[in-house]
Each structure stands twice: as C-alpha cells, then as structure tokens.
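A lone chain, given as structure tokens: the form predicted alone.
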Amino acid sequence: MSKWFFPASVACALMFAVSPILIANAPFESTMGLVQKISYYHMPSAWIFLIAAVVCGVASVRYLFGGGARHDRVAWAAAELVVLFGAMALVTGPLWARKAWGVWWQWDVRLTASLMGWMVAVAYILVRKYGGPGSDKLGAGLALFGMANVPFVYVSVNYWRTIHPKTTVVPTLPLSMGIPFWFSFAAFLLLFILLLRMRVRLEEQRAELDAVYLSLE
C-alpha cells in the first residue's frame, strides 16, 4: 500500500470524529430545525455517489479504448462505491424528508434519477460477477449510462418541481453552516479516495494471485 495511505486513514478517522462536533455547534435552520442537520451527511454522501459514478464511467471509457486492466479495476471499485454512497444518500434523504416535508419519498425527477443511477451500479456489479466472458465490456457500457445520468441528477432541481432545493443553495450557505458542510464533504471525499485505493489494490493482488496459479498449472 502507498506510503500516504496510513496517515490519510488517520486523518479521515479524525475528521469523522470531529465532524459531529462541528455539526452539533452549527445553528438550526429556521424552518426545519434539528432535522436539517442530517444534510451535513446526506449531501456529501450524495455528491460522492455522483463523483463515484463519474469515476466509474471515465475508467470504463479508458478501458474500452485502451484495454488496460488497471482502468477496469478502477471502474469495478468505483461501481461498488456508487452502491455504497448511493445507499447512504437514499437512506438519509428519506429520513430528512419525512420529518422536514412530511413524506418519505416522492417520485420527482432527482429522486427517480438517483435511484436509477444506483440501480445501474448494482446491475454493473451483478453483470461483472455473473455475466461470464464479455461481461467487462457490457459492464463498461452500463457505467457509461450511469455517468451520463449524473449531470441530469444534478441540474434536475433547476428545471423541474421537486422537494429538493436548487443547486444555488450550497454556495449561499452562511459561514456557520458552510464550515461543517464543507468539512463533512472533505471527510467523505477522503474516505472515497481511501476506499477506492484499497479496493483497486485488492483487485491487483487478486490478479497477481491468479497469475501465480496459472504459472503453476
């Protein structure tokens, strides 16, 4: 593992230990009150969900046109993280919505597109695991579809009616809310990088082990 991995892991753990303190000290939102503080974990996890889908898609494009096994490993690792962080977003979102707006779920554009993107990542993993020969190329095609869905998820709130706030809300957060939000986002981003590197390394070791087995036959 890279030399930076251990200190980065320690830093990530410390950031997640500190983030609840920052969130607890942040002021209450005037209309939603305490429940709004779910957003400090919900929104970063949702952003990482979308970032992971982009990483998966870009790696898949590079694999399709370059054929490098490392790009394929990055795509597979990123797809698993799409499922992980997408699940976080899809669980924390309804918890927030039920208390703030009185509904667990609405089939609005952003929610539906987010669920579809998450299901695409699940389909990618199932195809790669059980699809047999050629599943790498088929999975890459699914990853491209998932990546194409990302900008649609992001801008949808600006064009369709939804319970989600528009994309202009985060840049206008007051400093007392902005600091815990961006700190939490940095913690989630670092966690994503660490998990991605660890998962890719696992696939590299698996490939090395397979090569040893083949050499012994």
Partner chain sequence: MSFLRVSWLVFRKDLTVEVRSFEILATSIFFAVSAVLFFAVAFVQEGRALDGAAPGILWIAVAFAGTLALGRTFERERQAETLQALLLAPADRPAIYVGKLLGIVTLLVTTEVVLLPLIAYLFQAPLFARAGWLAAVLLAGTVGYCAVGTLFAAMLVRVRSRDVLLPVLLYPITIPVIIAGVRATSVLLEPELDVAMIRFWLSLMAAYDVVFITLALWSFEPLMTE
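Residue numbers count along the first chain shown, from 1. Since we're looking at a predicted model, the values are computed, not measured.
Keep in mind that the form predicted in complex with its partner chain is missing from the display, and what follows is about it.
None of 174-182, 31-39, 144-152, 44-52 except one has non-hydrogen atoms within 4.5 angstroms of its partner chain in the predicted bound form; the exception is 144-152.
Remark: all three candidate residues (109, 123 and 138) come within 4.5 Å of its partner chain in the predicted bound form, counting heavy atoms only. Under a 4.5 angstroms non-hydrogen atom cutoff, its partner chain in the predicted bound form has residue 131 among its neighbouring residues. Its partner chain is not drawn, but in the predicted bound form it has a heavy atom within 4.5 Å of residue 127.
Its partner chain is not drawn, but in the predicted bound form it has a heavy atom within 4.5 Å of residue 64. Proximity of residue 84 to its partner chain in the predicted bound form falls outside the 4.5 Å heavy atom cutoff.
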